[in-house]
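Take a look at this single chain in structure tokens; it is the form predicted alone.
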Amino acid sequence: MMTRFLASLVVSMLILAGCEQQPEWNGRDISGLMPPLEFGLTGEDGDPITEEAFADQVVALFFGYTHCPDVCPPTLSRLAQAIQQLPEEKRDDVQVLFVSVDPERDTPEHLKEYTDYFGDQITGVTGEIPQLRKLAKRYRTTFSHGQPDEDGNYTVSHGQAVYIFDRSGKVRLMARDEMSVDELASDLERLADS
């Protein structure tokens, strides 16, 4: 009876010790819930680009479009501010990958002009609609295009999640909308340190 109690106590202590060593993130820990970073799209320079361009970097992946009125600008701004809060020597270790799901309007040149506004650590990519749908499905998100108005303008519905991958390309975190810039910077720095 006493032996069983001691064994149970030891197991409980080991479990608690293991829990204490787990990092507490500000973002939602989604490690292992999605496949690693992998894509083949068109970069801001008009050339093909894959995940290999971001090897050994922490990557924040975000789907959107440049004509987005209310979600994309503040999200990209928050990510850019978080990167600027990192120690200078770590900023190049983090990259934001802005996937435009509006390739008709978001040409590579237009994407570059848009992302340059937010900073050097933000890279725009796009592709053909089938490529974009495949990538969106891979990361469990979606997008759709509204009907054009009489001037040809239309809106695009898209997910708001920011998926953060570690240096090895494994998904680690999903940034939450309510996260502050400081919290986001803290998570990015910890991943850059690992």
Partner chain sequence: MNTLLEWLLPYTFSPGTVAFFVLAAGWYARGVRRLRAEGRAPSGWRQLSFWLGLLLCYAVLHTRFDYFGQYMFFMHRIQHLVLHHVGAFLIALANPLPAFRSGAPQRFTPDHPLVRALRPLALILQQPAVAALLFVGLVFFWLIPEIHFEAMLSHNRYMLMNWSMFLDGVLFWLLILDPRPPKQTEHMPGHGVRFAMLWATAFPQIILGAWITLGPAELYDVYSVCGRAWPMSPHTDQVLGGVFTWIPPGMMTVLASLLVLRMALRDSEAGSSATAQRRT
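What you are looking at is a predicted structure, and each value in this text was computed from that prediction instead of being measured. Numbering follows the first chain given and starts at 1.
Note that the form predicted together with its partner chain isn't included here; everything after this is about it.
- Heavy atoms within 4.5 Å of its partner chain in the model of the complex map, among the stretches 50 to 58, 36 to 44, 123 to 131, 153 to 161, onto 153 to 161 alone.
- Contact annotation: Ser168 falls outside 4.5 Å of its partner chain in the model of the complex, judged by heavy atom distances.
- Though the partner is left out of this view, Arg28 does reach within 4.5 Å of its partner chain in the model of the complex, counting heavy atoms only.
- At a distance threshold of 4.5 angstroms between non-hydrogen atoms, Met174 is in contact with its partner chain in the model of the complex.
- Among residues of the shown chain, Thr66 is not one whose heavy atoms approach its partner chain to within 4.5 Å in the model of the complex.
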